[in-house]
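Next up, structure tokens for two forms of one chain, structure 1 and then structure 2.
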Structure 1
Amino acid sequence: MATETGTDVHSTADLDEQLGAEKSTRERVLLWVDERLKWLMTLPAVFLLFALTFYPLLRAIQMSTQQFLPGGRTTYVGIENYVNLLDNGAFLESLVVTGKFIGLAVGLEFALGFGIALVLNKKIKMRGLWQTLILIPMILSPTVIGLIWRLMYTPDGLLDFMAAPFIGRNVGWISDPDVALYAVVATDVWQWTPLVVLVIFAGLQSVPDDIQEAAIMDGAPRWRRFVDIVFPYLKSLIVLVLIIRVVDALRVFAKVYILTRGGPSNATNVISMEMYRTAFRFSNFGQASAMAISLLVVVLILAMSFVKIADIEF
């Protein structure tokens, strides 16, 4: 391409030449790019994602049917890894812990966030400023967040001081198996309640005023206007924010890793922690892959319902 010059006589005496528009190398390259633009633009992303997610996924399925022996050898074991999952106590326990974590964290985040957004749904001053400030937890590293909370949870630390008048000192925030999961939940609620506030607040602000005014004129009481006008407007946003939070809560790792490493006595051993241990501490890649594929099926169902319920178009 680059060797061709615009002065090549043999190139068909084309229209451009008659019009006096000689094509430079640069223009030829641009034309070549233009003709293939569709694929040049989209294929890199598609190729990369296939190489780095689709292929590993196939490998994960394959690995889930293998047993990894010392020395890097593998043997085919069929569905044995999946069958073993059913009486793998730690795995089943981690499912329960994850379920509790998601239910508590997302439930609290939604309830608190929705409530706060409703209260704030007015013309308030310095809206940009507070919106920026509540972004801060969302953009912090879960590692740093884990460390911040671990500092506050230290024995005789800040939270022990605050709790002392009510429930006594030395609560053992992250060392007491009965409390630790709630401590992790609190950390997640701290980080993600602002997201619910932001999204719901944006939704509330986008409800058109004239419909509201018309309803006020018709004498519709406050709660009625909320149920019949505001709520339908927010429905898809609510579903969206819930599913995003559920899917993200399902893969919580860094916070747990920093705060408790899954302990004490597995009280905070969420599913990604259990997989991490199985694969990288005990080198049981087959079993861990079977867990991963099972988890993926759950996520797939969730994601599909997300797209369906929220009626997302792409």
Structure 2
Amino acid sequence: MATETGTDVHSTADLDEQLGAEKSTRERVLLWVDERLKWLMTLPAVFLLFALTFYPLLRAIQMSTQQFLPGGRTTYVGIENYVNLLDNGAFLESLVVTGKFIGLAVGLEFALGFGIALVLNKKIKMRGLWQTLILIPMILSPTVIGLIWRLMYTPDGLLDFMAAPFIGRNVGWISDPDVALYAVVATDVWQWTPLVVLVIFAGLQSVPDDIQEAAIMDGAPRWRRFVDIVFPYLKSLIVLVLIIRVVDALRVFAKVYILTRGGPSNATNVISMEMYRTAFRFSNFGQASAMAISLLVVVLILAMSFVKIADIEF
């Protein structure tokens, strides 16, 4: 009996040791899988990111150093395409037009959006309804917006009908070189002011009420409360929305293409429109790629400048 009992105890101990070893092995396997599976699961996203972002960028850099010859042949020209941009009158003119467009559009969008956000931050009637209506233009595609405004800009269209009592003639919203750029700016302002409203309003809502109430009790004037309390909460958001809008305005294309095709007389020929013409109208893909890479460098410099000037850490 004693021998059998000892054998049973020994067998139980061996079984427990075997189960413990199996459990330890299973835990090591699961740990190994957990450590490596998270990287394996990201591979599809990494592949898509490379295919849709990095490969086109690398390909554009390669094309910017080539000259495309008839028959699909190419020859390496180094930085010649970049040097030629300095003597390209159409490209330099498009930079000026793009600068005007960005200054007018982004400036108006920020001013209007900031003002509307301040109004919405007050407890006005039907605030939820106004917020919904204001955001509608932002959810429409640029193509749809371009078509809508092109119909409004047609001779004897809605805007001419509204302006007739004051001007007495058709304005030529997208046919007059002196007016066309402002017409495109108005379209962009209508679409993207809601973005500024959304971002600034969110920042205003994040300001703690108790701090403002304490400042009011201390007798701080309204402008002082805004500078010392509200603005620090909005600082990073202002930089963020300006970066987003400037970058987006630099690459505006669909609205310009639908409304004016870059005309009249190149009055709305922004840099993206000039790249399109250079690549697909004149088949100069090397020069167009050099324009695209130059635009990317400008965007990076502007974004870093905004962050540096505002002293923001994201």
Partner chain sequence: MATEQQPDVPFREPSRIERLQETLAEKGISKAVIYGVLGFFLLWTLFPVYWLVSGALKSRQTLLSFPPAWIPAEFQVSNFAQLFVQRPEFYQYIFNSIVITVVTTIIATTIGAAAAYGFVTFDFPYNLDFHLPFYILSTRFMPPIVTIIPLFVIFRNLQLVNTLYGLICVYVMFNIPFAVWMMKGFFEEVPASLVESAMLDGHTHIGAFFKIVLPLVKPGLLASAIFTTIITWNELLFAIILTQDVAAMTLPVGLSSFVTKYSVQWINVSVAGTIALIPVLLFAFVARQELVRGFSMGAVGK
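Just so we're clear, the structure is a prediction, and the values are computed from it rather than from any experiment. Take the two forms, find the largest set of C-alpha atoms that superpose within 1.5 Å, and that set is the rigid core. Throughout, residue numbering runs from 1 along the sequence of structure 1.
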query	finding
Form predicted on its own - which displayed structure it is	2
Large Cα shift (2 Å or above) at residue 73 between structure 1 and structure 2, core-fitted	no
Cα displacement of residue 123 between structure 1 and structure 2, once the rigid core is superposed (Å)	2.4
